[in-house]
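Presented as structure tokens, the chain that follows is alone, the form predicted alone.
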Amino acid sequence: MSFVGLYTGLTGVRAAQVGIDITGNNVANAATPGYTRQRVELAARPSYQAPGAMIGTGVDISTIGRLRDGFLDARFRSSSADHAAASVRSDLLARLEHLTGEPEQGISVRLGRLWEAAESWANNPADAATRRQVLSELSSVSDTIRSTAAAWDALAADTGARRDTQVTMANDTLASLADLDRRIADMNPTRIGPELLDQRDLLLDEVARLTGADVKIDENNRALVTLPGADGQPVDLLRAGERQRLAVDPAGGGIHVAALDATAVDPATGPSVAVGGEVGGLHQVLVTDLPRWRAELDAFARTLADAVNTVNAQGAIGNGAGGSQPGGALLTFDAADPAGSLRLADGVDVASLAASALPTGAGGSHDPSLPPAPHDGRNARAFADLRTTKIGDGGAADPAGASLENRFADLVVGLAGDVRSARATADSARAVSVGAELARMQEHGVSLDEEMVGLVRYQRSLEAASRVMTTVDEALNVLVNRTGIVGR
């Protein structure tokens, strides 16, 4: 028995105390976002040669480690970026569909009322009330198409502003990450607190979620953030403390990597990158989905106007001099924005509706001196048949075309299909992301049950080590103070 035993017990007490402190810190941070649980790693101290055997000298604390798994980090960040992009696209397409008002209050309802009014007009072409009803419903259809286009344009503007805000947020997060990474690099490695590493990992998570970038810690313990370029090669956003920024090219509409001091995006010097995550989802909807469906609505508005005007031009209206003339255009639009500008043409009234066919003379051609037949509803019937008549893109009848009803149904069904597909993708991405997050939390997060077991274990270890010290002290007391006095 020697004083070595006291020191051996002391090392056990110290190790147990540190274990309790670390476990207590884990419990205190169980709900802290981004916190990585820590573990005390112990190592046996070197033994010494005693008569007849090697005897250990206690325990050392080799390190206090963070239970961090790089593979789980990469899996979670990739899946969270995919989920963010899919979720944003699903939400925006659902809003786009909602803005159509289908099937209760949208364009299809107005078109249905127009065809019903046209049927009444075809059955009674001289009735002024049915003519007014047709004109009213035609105006209602154009108003609804125009308001739908305006709502979609507002959604596009809101999406663009949101994308720009998220780009700014990504750049700010990148700046915070670069600053923290620089602080960590400048510190003595033995003095870097785990909380700083947790904060850096949290910022890496956020950058990945916003941009879908490949983020990781390189071999020099520096943060590395890259995005795939247009040529497939990675483009650095952050490497060894050197930071770039994301910028939206206002002319081309793409997203580029630009220098921090660049005042404008120059595609020649700022490489275009494929951005994912939330920014990428917003960008895809803005440059792909919204323009595509807006073009579909424009095409329908243009075809509707052309078809209505073509049919009306094939009928006869009074020319004011007792004769007749072909009907004029009922609808007008700006070729640059058909759906957003569709409206009744100036001066259109009930007299502009051509119900009868053009009166013909002896040669079979239109005779302007003849008035429209008051009870001839052949052209009004052709107007009502626009509901099902196959029409080409120019508005004329075309067996290879599609009816106005089918054209709009295709638009609505196609949009609904896109919404369903986007929602299914978002649900799938969410399931993968949640699974990846749970797997990471099981490794990185704090399990209170496990920490309770750890506390009990360290408590027992502390009690046992203390008992060792007490036992050695008592033995030494006997050896020092009682040896040689037995029997007195």
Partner chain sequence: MRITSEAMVLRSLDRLHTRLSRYERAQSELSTGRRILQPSDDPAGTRRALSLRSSLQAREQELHNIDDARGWLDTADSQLQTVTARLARVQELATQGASHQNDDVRRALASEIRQITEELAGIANAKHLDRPLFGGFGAGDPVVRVNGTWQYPEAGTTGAPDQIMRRVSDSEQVRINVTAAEWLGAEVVGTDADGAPVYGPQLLNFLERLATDLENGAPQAVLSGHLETVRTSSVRVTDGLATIGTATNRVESARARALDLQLTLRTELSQVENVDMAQGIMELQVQQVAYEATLQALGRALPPSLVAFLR
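Bear in mind the structure is a predicted one, so any value in this text is a computation, not a measurement. Numbering follows the first chain given and starts at 1.
Quick note: we don't show the form predicted together with the partner chain, though the next part is all about it.
Peer 1: Check Ala426 for me: does it contact the partner chain in the predicted bound form (non-hydrogen atoms, 4.5 angstroms)?
Peer 2: Heavy-atom contact with the partner chain at 4.5 Å: absent for Ala426.
Peer 1: Should Asn123 be counted as a contact of the partner chain in the predicted bound form, where contact means heavy atoms within 4.5 Å?
Peer 2: Contact with the partner chain, yes.
Peer 1: Counting only non-hydrogen atoms and a 4.5 angstroms cut-off, does Ile61 reach the partner chain in the predicted bound form?
Peer 2: No, no contact at 4.5 Å.
Peer 1: If you check in the predicted bound form, is Arg45 within 4.5 Å of the partner chain, heavy atoms only?
Peer 2: No, no contact at 4.5 Å.
Peer 1: Please identify, from 190 to 198, 99 to 107, 215 to 223, 344 to 352, the stretch that has a heavy atom within 4.5 Å of the partner chain in the predicted bound form.
Peer 2: Checking each option against the 4.5 Å cut-off leaves 99 to 107.
Peer 1: Answer yes or no: in the predicted bound form, does the partner chain come within 4.5 Å of a heavy atom in every one of Arg381, Glu405 and Val419?
Peer 2: Checked in the predicted bound form: all three residues contact the partner chain.
Peer 1: Let me know the one among Asp376, Glu137, Asp249, Asp306 whose heavy atoms come within 4.5 Å of the partner chain in the predicted bound form, would you?
Peer 2: If I apply the 4.5 Å criterion carefully, the residue I get is Asp376.
Peer 1: Report the residue, out of Ala157, Leu260, Ala129, Val413, that has at least one non-hydrogen atom within 4.5 angstroms of the partner chain in the predicted bound form.
Peer 2: Of the listed residues, the single hit is Val413.
Peer 1: Select from 443 to 475 the residues with a non-hydrogen atom within 4.5 Å of the partner chain in the predicted bound form and write them out in sequence order.
Peer 2: Read in sequence order, the residues that approach the partner chain (within 4.5 Å, in the predicted bound form) are Glu443, Gly445, Val446, Ser447, Leu448, Asp449, Glu450, Met452, Val453, Val456.
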